Ligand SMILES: C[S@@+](CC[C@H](N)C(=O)[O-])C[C@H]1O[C@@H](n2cnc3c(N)ncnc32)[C@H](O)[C@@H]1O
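Given next, in structure tokens, is a single chain: the form predicted alone.
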Amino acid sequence: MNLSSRLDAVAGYIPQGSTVADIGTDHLQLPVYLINSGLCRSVIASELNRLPYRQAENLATFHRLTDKIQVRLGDGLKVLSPGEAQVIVIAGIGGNAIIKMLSGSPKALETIQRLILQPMTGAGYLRLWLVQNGWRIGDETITEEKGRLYCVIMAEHGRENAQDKFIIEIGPRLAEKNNPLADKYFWKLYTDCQKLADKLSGAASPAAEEKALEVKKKLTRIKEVLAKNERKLC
């Protein structure tokens, strides 16, 4: 089974021989790949709703992997007992939903060695939450699929070296890389901020004026990151 570039980037952060919990497994693509490729011994795959759960069960049976893939019905990390998995994957949902899952199951997280997260939105808020809750950004990458950019974040227990809130928000490991897709990601952030700045221009309320100033500062900082990467290319 060939993975999409998004899921391939996720799989690239999974250590050989680990037990993975794929939360919100979505058609069981990643678990089947992890087992058939020999990367993982076993996978726990979960779904919140009964219909996709049944579909995932049927797919595990179809691929003859019911002895290696456990399909579970439940909400987020609540399907896990402490120590059952070393790696958690949550991909394809919003950053705020991922934060809710992680913050709702602190006991399950204590024995997890690595988080591999692919937020569809709110990556900045997710990074800040991770750093504020004892996780460091081990690495992150950008992948492109059908014209859309996706960020994949790998986090492990520890203290994040980056202390600048802005750098943490946009991606501390991405800011360190000389990578065309990372730059493309930063340009997307810049464009989104510029659109917001345009909406806030001429705002009358004190709150809107404060927000406009904040966005203006963020635009300046993003330009600095992009300029730094351009100097690396020279």
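Counting begins at 1, following the sequence as shown. All values derive from a computational prediction rather than experimental measurement.
This next part talks about the form predicted together with the named molecule, which is not shown.
Proximity of residue 57 to the named molecule in the predicted complex falls outside the 4.5 Å heavy atom cutoff. In the predicted complex, no heavy atom of residue 160 sits within 4.5 Å of the named molecule. The named molecule in the predicted complex is not approached by residue 108, whose heavy atoms all lie more than 4.5 angstroms from it.
Not displayed here, the named molecule is kept clear of residue 39 by more than 4.5 Å at the level of heavy atoms in the predicted complex.
Note on contacts: among 194, 49, 178, 61, the single residue with a heavy atom within 4.5 Å of the named molecule in the predicted complex is 49. With the partner omitted from this view, the residue of 116, 71, 126, 101 that lies near the named molecule in the predicted complex is 101 [heavy atom within 4.5 Å]. Note on the interface: of 152-160, 129-137, 108-116, 74-82, the segment with non-hydrogen atoms within 4.5 angstroms of the named molecule in the predicted complex is 74-82.
For the partner-free chain shown, 91, 92, 93, 101 of 87-103 come within 4.5 angstroms of the named molecule in the predicted complex, judged by any non-hydrogen atom.
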